[in-house]
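Single chain ahead, by itself, as C-alpha coordinates, in the form predicted on its own.
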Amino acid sequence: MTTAESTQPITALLDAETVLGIADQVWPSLVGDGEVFVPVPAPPPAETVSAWVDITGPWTGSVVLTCAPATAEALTASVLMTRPPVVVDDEDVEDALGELANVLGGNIKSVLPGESRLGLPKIGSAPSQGRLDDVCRVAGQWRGQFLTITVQGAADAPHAERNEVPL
(Lines give C-alpha, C1' and ligand atoms only; values in the text may rest on other atoms or scores of the structure.)
Protein backbone atom coordinates (compact mmCIF):
# COMPACT_ATOMS: atom_id res chain seq x y z
CA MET A 1 0.00 0.00 0.00
CA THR A 2 1.28 3.46 -0.88
CA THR A 3 0.54 6.84 0.54
CA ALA A 4 0.32 10.20 -1.15
CA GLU A 5 3.67 11.12 0.39
CA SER A 6 5.45 8.12 -1.17
CA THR A 7 4.04 8.34 -4.69
CA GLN A 8 4.62 10.55 -7.74
CA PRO A 9 2.57 11.63 -10.78
CA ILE A 10 4.07 11.59 -14.28
CA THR A 11 5.18 15.21 -13.90
CA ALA A 12 7.62 14.07 -11.19
CA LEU A 13 8.88 11.16 -13.33
CA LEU A 14 9.67 13.01 -16.55
CA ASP A 15 9.62 16.54 -17.86
CA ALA A 16 9.05 18.28 -21.17
CA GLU A 17 12.80 18.25 -21.89
CA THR A 18 12.88 14.44 -21.63
CA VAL A 19 9.89 14.11 -23.96
CA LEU A 20 11.49 16.57 -26.39
CA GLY A 21 14.80 14.67 -26.24
CA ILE A 22 12.99 11.45 -27.14
CA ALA A 23 11.18 13.21 -30.00
CA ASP A 24 14.53 14.57 -31.23
CA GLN A 25 15.90 11.01 -31.40
CA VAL A 26 12.81 9.45 -32.97
CA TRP A 27 11.80 12.09 -35.52
CA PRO A 28 14.75 11.90 -37.98
CA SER A 29 14.76 8.10 -38.06
CA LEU A 30 11.01 7.72 -38.62
CA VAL A 31 9.94 10.93 -40.33
CA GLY A 32 13.11 11.56 -42.33
CA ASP A 33 16.56 13.13 -42.26
CA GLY A 34 16.35 16.85 -41.72
CA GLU A 35 12.82 16.56 -40.29
CA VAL A 36 12.38 17.98 -36.80
CA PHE A 37 9.70 18.54 -34.22
CA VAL A 38 10.08 22.16 -33.10
CA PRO A 39 8.90 23.01 -29.56
CA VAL A 40 7.31 26.29 -30.60
CA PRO A 41 3.55 26.28 -29.97
CA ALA A 42 1.22 26.89 -32.90
CA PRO A 43 -2.50 27.63 -32.71
CA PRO A 44 -4.50 24.39 -32.56
CA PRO A 45 -6.55 23.59 -35.65
CA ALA A 46 -10.33 23.28 -35.54
CA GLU A 47 -10.11 19.56 -36.27
CA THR A 48 -7.51 17.16 -34.88
CA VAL A 49 -6.62 13.51 -35.03
CA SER A 50 -4.66 11.64 -32.39
CA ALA A 51 -2.67 8.43 -32.24
CA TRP A 52 -1.71 6.95 -28.90
CA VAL A 53 -0.39 3.97 -27.03
CA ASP A 54 -1.28 3.04 -23.48
CA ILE A 55 1.33 2.29 -20.85
CA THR A 56 0.27 -0.02 -18.02
CA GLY A 57 2.40 -0.56 -14.95
CA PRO A 58 3.23 1.31 -11.77
CA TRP A 59 2.15 4.41 -13.72
CA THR A 60 -0.79 3.96 -16.11
CA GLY A 61 -1.58 6.37 -18.92
CA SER A 62 -1.10 7.16 -22.59
CA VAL A 63 1.41 8.75 -24.92
CA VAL A 64 -0.62 10.80 -27.39
CA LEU A 65 0.43 12.44 -30.68
CA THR A 66 -2.12 15.04 -31.90
CA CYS A 67 -2.21 17.06 -35.11
CA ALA A 68 -4.54 18.26 -37.88
CA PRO A 69 -5.72 15.67 -40.41
CA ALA A 70 -3.74 17.40 -43.19
CA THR A 71 -0.61 17.27 -41.02
CA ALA A 72 -1.28 13.58 -40.36
CA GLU A 73 -1.39 12.96 -44.12
CA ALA A 74 1.85 14.90 -44.67
CA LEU A 75 3.53 13.00 -41.81
CA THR A 76 2.35 9.74 -43.38
CA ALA A 77 3.79 10.68 -46.77
CA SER A 78 7.10 11.52 -45.07
CA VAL A 79 7.18 8.32 -43.00
CA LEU A 80 6.35 6.24 -46.09
CA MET A 81 8.96 8.22 -48.08
CA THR A 82 6.54 8.85 -50.95
CA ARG A 83 7.10 11.45 -53.62
CA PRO A 84 4.53 14.06 -54.71
CA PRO A 85 1.93 13.86 -55.98
CA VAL A 86 0.93 11.36 -53.37
CA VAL A 87 -2.37 10.15 -52.08
CA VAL A 88 -2.35 8.41 -48.72
CA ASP A 89 -5.39 6.53 -47.56
CA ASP A 90 -6.85 6.28 -44.05
CA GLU A 91 -5.10 2.96 -43.42
CA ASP A 92 -1.72 4.50 -44.29
CA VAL A 93 -2.38 7.39 -41.87
CA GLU A 94 -3.40 4.96 -39.11
CA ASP A 95 -0.26 2.90 -39.68
CA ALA A 96 2.15 5.85 -39.80
CA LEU A 97 0.71 7.82 -36.88
CA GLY A 98 0.33 4.62 -34.90
CA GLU A 99 3.98 3.76 -35.51
CA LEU A 100 5.09 7.24 -34.40
CA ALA A 101 3.01 6.96 -31.22
CA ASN A 102 4.30 3.42 -30.65
CA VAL A 103 7.98 4.38 -30.93
CA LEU A 104 7.52 7.53 -28.82
CA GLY A 105 5.58 5.49 -26.24
CA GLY A 106 8.18 2.73 -26.13
CA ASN A 107 10.96 5.22 -25.53
CA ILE A 108 8.96 7.03 -22.85
CA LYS A 109 8.10 3.71 -21.18
CA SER A 110 11.81 2.93 -20.99
CA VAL A 111 12.51 5.99 -18.82
CA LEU A 112 9.70 5.26 -16.34
CA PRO A 113 10.49 3.33 -13.15
CA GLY A 114 9.30 -0.23 -12.74
CA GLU A 115 8.09 -2.78 -15.24
CA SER A 116 5.42 -1.60 -17.66
CA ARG A 117 3.62 -2.88 -20.74
CA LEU A 118 2.95 -0.96 -23.95
CA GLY A 119 -0.43 -1.40 -25.63
CA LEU A 120 -1.18 -1.45 -29.33
CA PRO A 121 -1.47 1.90 -31.14
CA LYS A 122 -4.92 3.47 -31.48
CA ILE A 123 -6.10 6.39 -33.58
CA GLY A 124 -9.05 8.75 -33.25
CA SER A 125 -10.05 11.39 -30.71
CA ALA A 126 -7.51 11.65 -27.91
CA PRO A 127 -8.31 9.65 -24.77
CA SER A 128 -9.60 11.53 -21.74
CA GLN A 129 -7.00 12.84 -19.36
CA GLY A 130 -6.76 12.03 -15.69
CA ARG A 131 -5.56 14.49 -13.08
CA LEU A 132 -4.11 17.80 -14.24
CA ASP A 133 -0.82 17.16 -12.43
CA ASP A 134 -0.54 13.81 -14.23
CA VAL A 135 0.02 15.39 -17.68
CA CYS A 136 3.26 16.32 -19.44
CA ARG A 137 2.63 18.04 -22.78
CA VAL A 138 5.07 19.30 -25.37
CA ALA A 139 3.34 21.59 -27.84
CA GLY A 140 5.13 22.36 -31.05
CA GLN A 141 5.22 22.24 -34.80
CA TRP A 142 6.29 20.04 -37.63
CA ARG A 143 6.77 21.91 -40.91
CA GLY A 144 5.07 24.89 -39.29
CA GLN A 145 1.93 22.92 -38.41
CA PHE A 146 0.45 22.28 -34.94
CA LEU A 147 1.53 19.04 -33.27
CA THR A 148 1.59 17.96 -29.63
CA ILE A 149 3.08 15.04 -27.76
CA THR A 150 1.27 14.40 -24.49
CA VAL A 151 2.05 11.91 -21.73
CA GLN A 152 -1.10 11.74 -19.65
CA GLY A 153 -2.48 9.70 -16.81
CA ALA A 154 -5.51 7.59 -17.60
CA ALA A 155 -8.87 9.02 -16.60
CA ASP A 156 -10.27 5.54 -16.08
CA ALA A 157 -7.23 3.89 -14.47
CA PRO A 158 -8.09 1.70 -11.48
CA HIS A 159 -6.46 4.33 -9.28
CA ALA A 160 -7.05 7.41 -11.47
CA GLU A 161 -7.33 9.56 -8.37
CA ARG A 162 -3.88 8.32 -7.31
CA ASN A 163 -2.16 7.41 -10.59
CA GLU A 164 1.24 7.61 -9.06
CA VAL A 165 4.39 5.56 -8.86
CA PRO A 166 5.75 4.52 -5.43
CA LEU A 167 9.10 6.03 -4.49
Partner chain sequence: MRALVIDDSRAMRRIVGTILTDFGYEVRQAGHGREALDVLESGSAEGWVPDLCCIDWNMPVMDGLQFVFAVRANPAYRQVTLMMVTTESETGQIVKALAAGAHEYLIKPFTPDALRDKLALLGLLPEGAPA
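Residue numbers count along the first chain shown, from 1. Keep in mind that what you see is a predicted model, and the values were worked out from it rather than measured.
Beyond what is shown, the protein has a form predicted in complex with the partner chain; the following relates to that form.
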ask   = Looking in the model of the complex, any heavy atom of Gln25 within 4.5 Å of the partner chain?
value = yes
request  = Using a 4.5 Å heavy atom cut-off, state whether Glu115 contacts the partner chain in the model of the complex.
outcome  = yes
message = Contact with the partner chain in the model of the complex for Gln141, defined as at least one heavy atom pair within 4.5 Å: yes or no?
response = no
ask   = Could you tell me if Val103 has a non-hydrogen atom within 4.5 Å of the partner chain in the model of the complex?
value = yes
note = Here the chain appears without its partner; judged in the model of the complex, the stretch of 115 to 123, 58 to 66, 128 to 136, 42 to 50 with heavy atoms within 4.5 Å of the partner chain is 115 to 123
request  = Pull the contact list for 92 to 112: residues with a heavy atom within 4.5 Å of the partner chain in the model of the complex, in sequence order.
outcome  = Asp92, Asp95, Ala96, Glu99, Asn102, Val103, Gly106, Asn107, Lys109, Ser110
